[in-house]
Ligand SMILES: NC(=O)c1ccc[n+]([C@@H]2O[C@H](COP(=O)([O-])OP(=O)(O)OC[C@H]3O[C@@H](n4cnc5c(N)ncnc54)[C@H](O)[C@@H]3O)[C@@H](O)[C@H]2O)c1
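Only one chain comes next, encoded as structure tokens, the form predicted on its own.
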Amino acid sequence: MLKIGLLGAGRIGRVHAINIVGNGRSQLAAVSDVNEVAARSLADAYGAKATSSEAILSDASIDAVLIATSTDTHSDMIEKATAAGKAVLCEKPVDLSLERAQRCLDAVIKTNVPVMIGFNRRFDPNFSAIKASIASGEIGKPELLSITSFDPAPPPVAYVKVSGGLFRDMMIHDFDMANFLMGDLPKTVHAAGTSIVDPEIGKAGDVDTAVVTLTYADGRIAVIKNSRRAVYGYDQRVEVLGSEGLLSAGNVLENTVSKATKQGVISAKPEFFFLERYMRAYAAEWDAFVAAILDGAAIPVSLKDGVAALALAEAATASAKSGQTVSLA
């Protein structure tokens, strides 16, 4: 039984708590949060204790921690947890700074303690099936990847100001998906972004609509489209064109009912937001982490993967600001 300390009792922390207690091989032992009321409420709901992050990290009976705190604390928490010998699953991104994330990676390598980064979309049944089809050669060599990720509505501007920007906060999932499906890092990144959904986002120094083109050393191309507003729901699609065929994953709808009349065909909208759309992925992600720690399986999304996605996010941010294509080192 893997005893878990949960750092962070906010919205995503509560999602992870459900999966920790839902896995028969992990136990939620303790919860911490800067909001002590939130920590106590979540801990009480699952028979855990509410305590401080420091107490969790120094508790020898706790085997691993799940880090769901604010992004600006991630690298520090990862370093402290691994120094204490505790395995880590940390929410994305690793940090808001690539330089800081790289220093975190360097520190963790010295400890030889396993760290997994929470890019849950890799565990979505649809996207993982696409990866399996690519790996088996069903469509030949992937040549053109298209990723669409539209939120139903923009976040509050107060959140935007501390998020690190669309490329680090939102599109970073898609950068990781591109790395996952293409099996390599691109050679160049070109980004275009604007704030046409909410001018206040632009005033805060961010964009709410963006397109990024990734080019690879062998000529392959990936295109990522993000928007903070899709009034019909949470739009999440992937398409891979290969030398021998096409793979595509469409939206998960609120229901499978469709109505066909002489006026046309009507179906349900996409599920509204990420909590509905990716609950199965979060559960599968946690199961994979537990299996990696208890069974010695490979960590499916490494800290190095997290740093790679952040490198693409920083390159895209620089490209959007300068209008120039950025080459990756």
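In this text, residue numbers run from 1 along the sequence as written. Remember, it's a predicted structure, so these values are computed and weren't measured experimentally.
What comes next is about the form predicted together with the ligand, which does not appear here.
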query	finding
Proximity to the ligand in the predicted complex, single hit among Asp124, Asp151, Asp198, Glu91 (heavy atom within 4.5 Å)	Glu91
Interface residue in the predicted complex among Met77, Val108, Met116, Ala210, criterion: non-hydrogen atom within 4.5 angstroms of the ligand	Met77
Heavy atom of Ala68 within 4.5 Å of the ligand in the predicted complex	yes
4.5 Å heavy atom contact, Asn120 and the ligand in the predicted complex	yes
Ala318, heavy atom within 4.5 angstroms of the ligand in the predicted complex	no
Any non-hydrogen atom of Gly5 within 4.5 angstroms of the ligand in the predicted complex	no
Answer range among 293-301, 26-34, 42-50, 57-65 for contact with the ligand, defined in the predicted complex as heavy atoms within 4.5 Å	26-34
Sequence-ordered residues of 265-285 touching the ligand in the predicted complex, heavy atom within 4.5 Å	Phe274, Tyr282
